[in-house]
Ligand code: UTP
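To begin, one chain is listed below as structure tokens, in the form predicted alone.
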């Protein structure tokens, strides 16, 4: 670590001397944390990002000819069902051989949900109040048991929630996992700057920084030693998912099978968009290159374009669920190749001794997106999933994509499983079940597994808990 004098000189030489203006008035602890932040600053990176901002380059690739990407759609015909069965067999064999790992991106806080703490600690179980972490963990354990294997779980945290996340797992006996089969590591942070390219003080003892985006997960996997650990275990394929969606099918054998059959490097799950403006990315080819166009970057014409049957042309919405080969992560994550995206934000800042929360955007944050690795692939598959089976994100305190809507969607899915087994569950005019239903992944991972485990005396007119 450089000395205070060396750092101050370096910052002044790079036009950032304001960071040290009140240094002598700071406490010893504040000086220590501020110096640690300053030691991590890369002035070349800041200069490059500021020039990117000034040029109007947001990091998004906009323009060029767009065509829909080919999709493995939900199977309808006997031939399609046969292909799915073949993929399932390949994926199941990979699971039995211990070749799959679960990778959870969990750096977010629950602030938008009115919850202080890691988002993974937020309770979503319709009846038990199980946390997102527990929901995901039970599914991984259940799948490992089904295939008589070990599925290691890699969890990427952030500077903000790392200690609280680890403590949660320690306090809850690692949710039933062997401690050696869970690995925690932090994603990197990068500085935020104001509109003049100046670093921002977030507090007396810290610079304003932000996580480097879910794209930073690829680099973090390499730098943390997670990829090395996977290779030592014989893992070849990573099941990537994000913490806020408890309907995610982790280490899905069908998805893994399709991915492995063609030797894909990174593959994606998609769903049929509910409406043109739905806030999901669009998987397509842009000038012949596979990519994801953010919903905010898709022009109005393409967003609303329909084919001769009235279906959206760009209907394949990305839901942040991927299969990624270990070798591909090592290749991409070992080289900082993903584009940086620019976003104007309201960034709290130090003004004298006070922290000001601005009403308007006052600075710039930079982040990378994991889907920007898709253009680097030589082989990739895109697989459609049913919305009701795989998508119930928890992003908002109320309304759409809230904890309430998530619990309803979970109950609806479990009701569908019960109906497959011949049970009748009352629904309202919108098709939502009128009771809360919760079925632990440790009881059943799908409708077929549940069929033989339903108590004969089950009353579907009341809340149902099978755990």
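Positions refer to the first chain, counted from 1. Fair warning: this is a prediction, and the values are worked out from it, not measured in the lab.
Although it is not shown, the form predicted in complex with ligand UTP is what the next lines describe.
Proximity to ligand UTP in the predicted bound form, taken as a non-hydrogen atom within 4.5 angstroms, holds for one residue of 112, 231, 198, 146, which is 112. 212 is the sole member of 212, 372, 138, 390 with a non-hydrogen atom within 4.5 Å of ligand UTP in the predicted bound form. With the partner omitted here, the stretch from 104-112, 350-358, 274-282, 218-226 that lies within 4.5 Å of ligand UTP by heavy atoms in the predicted bound form is 104-112. At the 4.5 Å threshold, heavy atoms of residue 380 stay clear of ligand UTP in the predicted bound form, well away from it.
Residue contact check for residue 156: one or more of its heavy atoms lie within 4.5 Å of ligand UTP in the predicted bound form. Mapping the unseen interface onto this chain, residue 318 falls outside it, with no heavy atom inside 4.5 Å of ligand UTP in the predicted bound form. Using a 4.5 Å cutoff between non-hydrogen atoms, residue 119 counts as a contact of ligand UTP in the predicted bound form. Along 178-202, a single residue, 187, places a heavy atom within 4.5 Å of ligand UTP in the predicted bound form.
Between the C-alpha atoms of residue 129 and residue 109, a gap widened by no less than 3 Å is obtained in the predicted bound form, as opposed to the form on display.
Closer approach of the C-alpha atoms of residue 367 and residue 108, by 3 angstroms or more, is seen in the predicted bound form than in the present form.
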